[in-house]
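Just the one chain here, the form predicted alone, laid out as structure tokens.
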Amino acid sequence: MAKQIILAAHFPGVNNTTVWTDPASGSQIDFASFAHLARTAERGLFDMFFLAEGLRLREQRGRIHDLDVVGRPDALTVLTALAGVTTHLGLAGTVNTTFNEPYDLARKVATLDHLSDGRAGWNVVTSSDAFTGENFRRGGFLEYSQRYERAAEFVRAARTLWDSWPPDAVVAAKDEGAFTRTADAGEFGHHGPHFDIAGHFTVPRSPQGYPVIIQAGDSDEGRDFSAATADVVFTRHSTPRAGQAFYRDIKSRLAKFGRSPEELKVLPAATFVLGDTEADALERTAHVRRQQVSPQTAISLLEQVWNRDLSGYDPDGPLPAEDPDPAADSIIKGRTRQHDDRLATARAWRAIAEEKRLSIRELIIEVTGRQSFVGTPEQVADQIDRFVQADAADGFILVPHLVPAGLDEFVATVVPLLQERGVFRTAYTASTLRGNLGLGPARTRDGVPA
């Protein structure tokens, strides 16, 4: 039997995937935009809707990064509102473990799971970024090496809170005047290096027991964290070969944590462009990529590798003669490190530019595209299916370049083709996000169904 494809929709609020300057682009703040994309995803029987977070506007050369201003509202607040206008779609948001507290966040996510009848997901991310920490009066209080240590304890503490209400704790016996079975419902205690908390948790056991846990770390430490903790891993591996290598690696790590390969789903981010013919799709793709990489964006992205002020360079001209300056303070503040070795990246980019005779802007267009499915609906359905059946992924988190209508054409044309192939559902068959993802019930620390 062919593998069933998982599909999620990412609302593109930041980064240059989104083309906010396009005449067809709408607001990335108005609730109507979120509702349109979520309803479209649900009409297409997608598994979940995904929101990123941004805790501080990035700065580059001391100026606010333009794309950050487009839209970064609070993810959990938006998802809670979407719970009221959707019925089956999973609702997942990114929330940082560095600048939050387990008790507060566990309450909010459990509340979302209740209000959505079991559709909540939490993308666990970490940070040691002192620049972002200034917004929380903490600065860089956490060493880089400790970010996953705190994240792992954060998730353990949250699970302790969710476990504090046994599944049968609420009896609501009106005749007897007894709401809970015992007086200790919600009683908890977690004592560790980062968190020392105790008391009563206020939210009874939610429909999924635990929300679906998502993780995106790609370092060796991050992969182990995903294998130990996550239900879904969000990756950036964009080619079948790289996808297969990551898929094999992450699935092989599960055994040492007592888990089976089916307990973790691998979902790369992917963009798509559709056309009436292949030539039409390629022409549209070239137009979209030039919109995504404006002359200013090309220089901005090049500066992030060169770590120098390159504002005097012509984006339609050649690469700078000088090399990057890796020893200087980072030119960009508030963004996850994109390039571990700037000099190596620059050497690779120079080789590509020389071989293909590319200008700065043409090079940035060439090297910054993520996994993209381009072609007619039939071709895109075929590309997605082949990627998944080859175990390079379990599905995709699709990132449209337009808000709010960027998913409309995909749902109208590609989804029916995947259904005809028998690799995508024709109706929701489970009542929870966990069930639709094929994950099975969550289990408590004691190994019993949550």
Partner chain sequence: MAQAPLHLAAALDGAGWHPAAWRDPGARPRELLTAGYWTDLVLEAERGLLDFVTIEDALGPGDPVGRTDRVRGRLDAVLVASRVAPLTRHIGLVPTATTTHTEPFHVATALATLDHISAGRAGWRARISGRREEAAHFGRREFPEPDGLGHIEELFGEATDVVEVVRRLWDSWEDDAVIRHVASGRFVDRDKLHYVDFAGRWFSVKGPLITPRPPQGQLLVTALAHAALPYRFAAGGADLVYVTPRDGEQARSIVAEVREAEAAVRREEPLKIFADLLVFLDASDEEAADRKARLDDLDGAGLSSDAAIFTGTPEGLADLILDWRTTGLDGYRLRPGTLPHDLEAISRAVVPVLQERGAFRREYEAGTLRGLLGLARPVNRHALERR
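Keep in mind it's a predicted model, so treat the numbers as computed, not measured. Numbering follows the first chain given and starts at 1.
Below, we turn to the form predicted together with the partner chain, even though it does not appear here.
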Among 40 to 48, 412 to 420, 53 to 61, 387 to 395, the stretch whose residues bring a heavy atom within 4.5 Å of the partner chain in the predicted complex is 53 to 61
So in the predicted complex, does any heavy atom of Leu67 sit within 4.5 Å of the partner chain?
yes
With a cut-off of 4.5 Å between heavy atoms, is Gly243 one of the residues that contacts the partner chain in the predicted complex?
no
In the predicted complex, Ala178 touching the partner chain (heavy atom, 4.5 Å):
yes
Using a 4.5 angstroms cut-off on non-hydrogen atoms, would Thr21 count as touching the partner chain in the predicted complex?
yes
Heavy atom within 4.5 Å of the partner chain in the predicted complex: which of Thr368, Gln146, Asn135, Ser330 fits that? Just give me the one.
Asn135
Counting non-hydrogen atoms within 4.5 angstroms of the partner chain in the predicted complex, say which of Ala83, Val266, Val124, Leu274 makes the cut.
Ala83
Whether His114, Ala172 and Gly199 all lie within 4.5 angstroms of the partner chain in the predicted complex by heavy atom:
yes
Which residues, if any, of 71 to 87 lie within 4.5 Å of the partner chain in the predicted complex when only heavy atoms count?
Gly71, Arg72, Pro73, Asp74, Leu76, Thr77, Val78, Thr80, Ala81, Ala83, Gly84, Val85
Checked in the predicted complex: CA of Thr18 to CA of Val69 differs by 3 Å or more, atoms lying closer
Pairwise C-alpha change, Thr271 versus Val69, in the predicted complex against this form - closer or farther, 3 angstroms or more:
closer
